[in-house]
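Here you get one chain, nothing else, as structure tokens; it is the form predicted on its own.
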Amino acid sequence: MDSTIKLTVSHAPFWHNGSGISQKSYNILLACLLAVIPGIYRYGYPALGAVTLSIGSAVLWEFLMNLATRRPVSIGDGNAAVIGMLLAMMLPAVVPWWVVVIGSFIAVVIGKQIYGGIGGNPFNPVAVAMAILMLSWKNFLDFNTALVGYGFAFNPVDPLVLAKSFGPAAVKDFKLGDLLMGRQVGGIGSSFGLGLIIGGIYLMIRGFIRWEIVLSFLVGIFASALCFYLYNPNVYASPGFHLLTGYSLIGAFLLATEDSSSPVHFLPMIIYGCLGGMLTVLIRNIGSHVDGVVFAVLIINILNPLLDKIRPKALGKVAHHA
């Protein structure tokens, strides 16, 4: 009787630590709540509606794509929910419902599923969606226009718009502590800096995002902004201002660190993050867009395959035989 042992061979990694995609996704959702809940508190029911619609429609698009492509249903891994959450965090609270639905469609279907699903996308799906929305319906993503009906205890104008149009003197009333605590006009979950920092540190400690990318991205923003500021402090805002306004923190912690569109080796991650931070400031200061984070992330996503070819030299030496 044949007693041949059949072995199942699979690709690397061969050692699994027990964690999965769903665990990472749900932890990211938990961390995002630290910034989203203050946004819902500030903007009220419209913000809550935008968040729930974004997450719900993202999950629905994922489910429909699973059916259309005859693949196993993957909505349980939470990745589509994370995409919907991140998209909502970057939108104004009163954005039209159809913009949210179109944005989630672009992120899930165009940014992720057409490349084969999770792990196959070369670009961050949320950055793809936001870039297309910003280029197609710019007025709906203008915080100054969208949030004009809200009464704030602080200057109800996007600080990045003020800084770009009128220079640092126009934003002198915005203290760094106020920016950190979310006393600025912005997206539902992108303006409360303290919540993003706490959530990001939690994800780094748990190993769900790479600290190398986060820190190098922030260093890139700080160093580039410092160069501009030292060159002409009357024209360009301070490094601290750039770090705490716009999409800087959500870009560093949650966009640039997306697994399939970022490097896996140490030196490439450092270069990748620094380039993203530098491009962000360049686009803000000398580009046509007020906030350059989304476009900076997409550019470094393009460079990711090239950067990841940078490898350390192998240890040892060539053996010479007699």
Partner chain sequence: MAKTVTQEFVKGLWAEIPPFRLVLGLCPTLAVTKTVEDGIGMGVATGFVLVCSNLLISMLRNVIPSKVRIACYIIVVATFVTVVELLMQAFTYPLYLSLGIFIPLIVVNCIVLGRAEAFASKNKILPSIADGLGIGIGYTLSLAALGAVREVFGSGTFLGNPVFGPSFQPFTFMVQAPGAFVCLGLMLCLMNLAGKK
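All of these numbers come straight from a predicted model, not from anything done at the bench. Numbering follows the first chain given and starts at 1.
The same protein has a further form, the form predicted in complex with the partner chain, not shown here; the description that follows concerns it.
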**Asked** Out of the stretches listed (200-208, 214-222, 104-112, 170-178), which one is close to the partner chain in the model of the complex, meaning heavy atoms within 4.5 Å?
**Response** 104-112
**Message:** Residue-level question: is Tyr150 within 4.5 Å of the partner chain in the model of the complex, judged on heavy atoms?
**Reply:** no
**Request:** Classify Phe140 as contacting or not contacting the partner chain in the model of the complex by the rule of any non-hydrogen atom within 4.5 angstroms, answering yes or no.
**Result:** yes
**Message:** Ile75 versus the partner chain, in the model of the complex: is there a non-hydrogen atom within 4.5 Å?
**Reply:** no
**Item:** 4.5 Å heavy atom contact, Ser165 and the partner chain in the model of the complex
**Value:** no
**Fill in**
Checked Val157, Leu194, Ala146, Ile132 for heavy atoms within 4.5 Å of the partner chain in the model of the complex; positive is Ile132
